[in-house]
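Okay, so here's just one chain, in structure tokens, the form predicted alone.
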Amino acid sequence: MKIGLFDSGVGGLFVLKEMLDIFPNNEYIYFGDTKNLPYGEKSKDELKEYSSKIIKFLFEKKVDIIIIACGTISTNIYNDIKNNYDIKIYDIVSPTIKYINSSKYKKIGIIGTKKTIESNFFENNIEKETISLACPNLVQLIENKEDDKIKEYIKENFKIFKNVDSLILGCTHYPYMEENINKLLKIDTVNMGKVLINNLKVSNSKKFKLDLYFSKITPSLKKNVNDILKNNYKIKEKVL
């Protein structure tokens, strides 16, 4: 099976990593739109433009399915694009909402990009009490691996979640700081990538191949990719 995934940067690689752990013997094509990072500050029209080019690229690569490994795209324009292509497209958010609604959690915290939180997609679909926080600049801190600033960001801004039962990591970049959140806040976190993979019905084939494309490649990006993925992969720069 050939599986396509995309995100604004390395965040979607955390989803890809989860997939490789469960479904290691498939062909994967990943696109990170690092040239237009971060997506959380873009307009819907811009998001539609970026995603349509990426989906067209993945479609031309003859993938069997596409996973939108991006919370901002999933919450803002998934309903606008899901039926526009002759291919199955999965969003990253819906499985988490379904999981939360069937869980015993009563009060849910949500962190996401500015655009994700402004969409109210989580709040409008979760049947529990919610408290949300937009996290501008956090994606960039993660892309740059500014660990001290990330820890300080958590300490200063996440106090509002001290009484929640669970915290949804509403951006695929956020698993990078999951360990720090658990240590500093001592609350359960929900990793959307893990939830999606646990509910995804795909088959393992006998062939493994991993091709990574980014719209802008820097030395720091290469290091980030290598830190996240331990598999053999090819990485190429591709401007759409």
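Predicted, not measured: the structure shown is a model, and the values here were computed from it. From 1 onward, residues are counted along the sequence shown.
Another form exists, predicted together with a small molecule; not displayed. Remarks below refer to it.
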Partner contact for Leu212 in the predicted bound form: the small molecule, 4.5 angstroms, heavy atom | no
Non-hydrogen atom contact Phe31 with the small molecule in the predicted bound form at 4.5 angstroms = no
Report yes if any heavy atom of Thr113 sits within 4.5 Å of a heavy atom of the small molecule in the predicted bound form; otherwise report no.
-> yes
Are any of the heavy atoms in Val63 no more than 4.5 Å from a heavy atom of the small molecule in the predicted bound form?
-> no
Contact check for Gly40, Cys70 and His173 against the small molecule in the predicted bound form, heavy atom at 4.5 Å | yes
The small molecule in the predicted bound form: contacting segment from 94-102, 71-79, 154-162, 123-131, heavy atom within 4.5 Å | 71-79
